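First, one chain by itself: the form predicted alone, in structure tokens.
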């Protein structure tokens, strides 16, 4: 199955053929991130080796010269290992650098516990001037990438490894807006990235039990679409967020921060708890940390039974 990262590589190449200012920098993982596809354009693909911090510094220099640098590596390394360089050299001066982290969340699977990027959203969301994006499928990946390059400023895009079913109708996707994929009034399930498909599947099963769940895709985690979020909150009894990330500092935290101030209602956050993730097959990890349709359904049913 063609993956989101495959579309990233192909679309980046096509955009690069037209936009000559794009320079792609890779940290010796281009075959995994699919940024290696850009090497077809010759010297505009820069192989920096396993020196991510240096790569970020180079990208800042290129941006100052009017280029549009796109730096690529695994999400856990490009955000964690390079946090200080991104903070001082890119976010602070608002440079036009696009940061793409692959193998996000638990999708590094059996590569090792140190490869599980479950705090990258928290790190990037905390930086002033940084836009944070997570496409849910291949169609949304194209839109996110194209619009990110048009945006003048720093952007972080996280993408997963592994196949992602098509969940977004391309005609309905509005960049930086929360996209409602299913209407409902019992519970609002807010999901990002890999979890959008699971949210839709859970909602379909809940419907057979007369529980009407609204499902929303949040591909733009920062800045968050406050107007649509408030509209959702006013229509449902409670909200459940689900993300391939820690529940601390991620999309669920962003949602909670806004609603706590503007429209308080019960919010349940589903994601990796306050722990380091283990290393195993991705689907086994999703099962262990509760990132499954079955867990979504169980939590919603228990909450409705005990509170309404």
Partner chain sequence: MLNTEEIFFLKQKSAQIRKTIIEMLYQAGSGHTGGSLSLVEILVYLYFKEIKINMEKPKSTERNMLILSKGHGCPALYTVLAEIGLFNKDVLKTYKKLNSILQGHPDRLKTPGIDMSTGSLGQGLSVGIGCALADKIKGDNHKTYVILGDGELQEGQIWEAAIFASRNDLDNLCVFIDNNKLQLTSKVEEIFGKRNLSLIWKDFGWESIEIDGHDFDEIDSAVLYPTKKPKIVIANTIKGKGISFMENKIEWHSKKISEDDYKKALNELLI
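Being a predicted model, the structure only gives us computed values, none of them experimental. Residue numbers count along the first chain shown, from 1.
There is another form of this protein, the form predicted together with its partner chain, and it is not shown here; the text below is about that form.
- Segments offered: 250 to 258, 276 to 284, 30 to 38, 52 to 60. Contacting its partner chain in the predicted complex at heavy atom distances within 4.5 Å is 52 to 60.
- For a residue to qualify, one of its non-hydrogen atoms must sit within 4.5 Å of its partner chain in the predicted complex; none of 146, 176 and 221 qualifies.
- At the 4.5 Å threshold, heavy atoms of residue 206 stay clear of its partner chain in the predicted complex, well away from it.
- In the predicted complex, residue 94 approaches its partner chain with a heavy atom inside 4.5 Å.
- Mapping the unseen interface onto this chain, residue 226 falls outside it, with no heavy atom inside 4.5 Å of its partner chain in the predicted complex.
- At a distance threshold of 4.5 angstroms between non-hydrogen atoms, residue 88 is in contact with its partner chain in the predicted complex.
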